[in-house]
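There is one chain below, alone, in structure tokens, taken in the form predicted on its own.
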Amino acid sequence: MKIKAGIVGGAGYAGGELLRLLLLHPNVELAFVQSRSQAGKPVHTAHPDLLGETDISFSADAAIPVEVLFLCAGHGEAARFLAENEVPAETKIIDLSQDFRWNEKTICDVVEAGERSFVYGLPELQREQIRQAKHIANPGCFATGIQLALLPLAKQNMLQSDVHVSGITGSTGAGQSLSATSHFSWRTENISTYKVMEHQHLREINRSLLYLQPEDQSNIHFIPYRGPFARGIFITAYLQTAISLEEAQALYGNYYAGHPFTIVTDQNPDLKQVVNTNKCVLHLQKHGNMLVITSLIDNLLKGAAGQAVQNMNLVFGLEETTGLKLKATSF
């Protein structure tokens, strides 16, 4: 089985990671990689690590039809692309932007966008809905890490107190465009907060938690940090709860049983365990009446391109881990 795939917006970080994964995927034939800024150039000019791996060049236009279309353009660009281009009804769409993750009218597992319905693509939340979907809204990176830290509690109606979350992300989370806070000279040996208590991913996090726990909604207080490294997200969440550490470990172990990429460990993890993988590693601690949950992901893989391929595998009935058995670099 070969799935004919295309990428719109393939010159950025997420597009580059997706390109690498699809080139190595045993069930994918890559039909095109579109980029207005790089049109006509070999893909290795934007992604030097692909030198010698492929002779594909960026195209100015999307060579539709394909069986699956990945939208890696910036926020707002995905909706604009679908408005301006005819995409056949049978083409599966997986959007990596925030354009179809959330709207004010919907508190459920599907977002209506004109004639299309987008299923929220977090497999650990709704794997079976994804299997039946035609259009997928890939979750945000911080949203993925925070939700995986809290879903087992929400499922059992155990989010009964405010949740305090801090999360530090690598510079690739800001995208490829240069800004004052992405220059090496500013970022290295430095750290800062941004979008304190108002990060855009809170909308989809609250929506998913409300879907699982419709009553007694907890407040999520989130402080994001810019980290002095390239990739990865390290999240710490804590809340008051009466359950013991053993009960919490059993709860999380049962919830994620059968989910191959989310791993609960009793050892204190570090970021290198997940960088370059599609894993989320969770660790639980109990201090008095506070449950502390550590959640680690690679922002470009489980937080973006890897999860998009995971969703593609589910949509096309493939083994969920196909093309995603990636190795972390420990040293």
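Position 1 is the first residue in the sequence shown; the rest follow in order. These figures come from a predicted structure and were not determined experimentally.
Keep in mind the form predicted together with a further copy of the same chain is missing from the figure; the text below concerns it.
The three marked residues, E17, F234 and L300, each reach a further copy of the same chain in the predicted bound form, with a heavy atom inside 4.5 Å. Looking at K2, you'd find every heavy atom of it more than 4.5 angstroms from a further copy of the same chain in the predicted bound form. Taking the partner from elsewhere, Q285 is found to have a heavy atom lying within 4.5 Å of a further copy of the same chain in the predicted bound form. Put simply, T188 is close to a further copy of the same chain in the predicted bound form: some heavy atom of it is within 4.5 Å. Shown alone here, I93 lies farther than 4.5 Å from a further copy of the same chain in the predicted bound form, counting heavy atoms only. Checking I243, A250, M197, L210 for any heavy atom within 4.5 Å of a further copy of the same chain in the predicted bound form turns up a single hit: M197.
Contact with a further copy of the same chain in the predicted bound form, defined as a heavy atom within 4.5 Å, holds for exactly one of T193, N85, N157, N254, namely T193.
Residue heavy atoms within 4.5 Å of a further copy of the same chain in the predicted bound form occur in exactly one stretch of 160-168, 76-84, 200-208, 138-146, and that stretch is 160-168. Using a 4.5 Å cut-off on any heavy atom, the residues of 297-331 that reach a further copy of the same chain in the predicted bound form are, in sequence order, L300, L301, K325, L326, K327, A328, T329, S330, F331.
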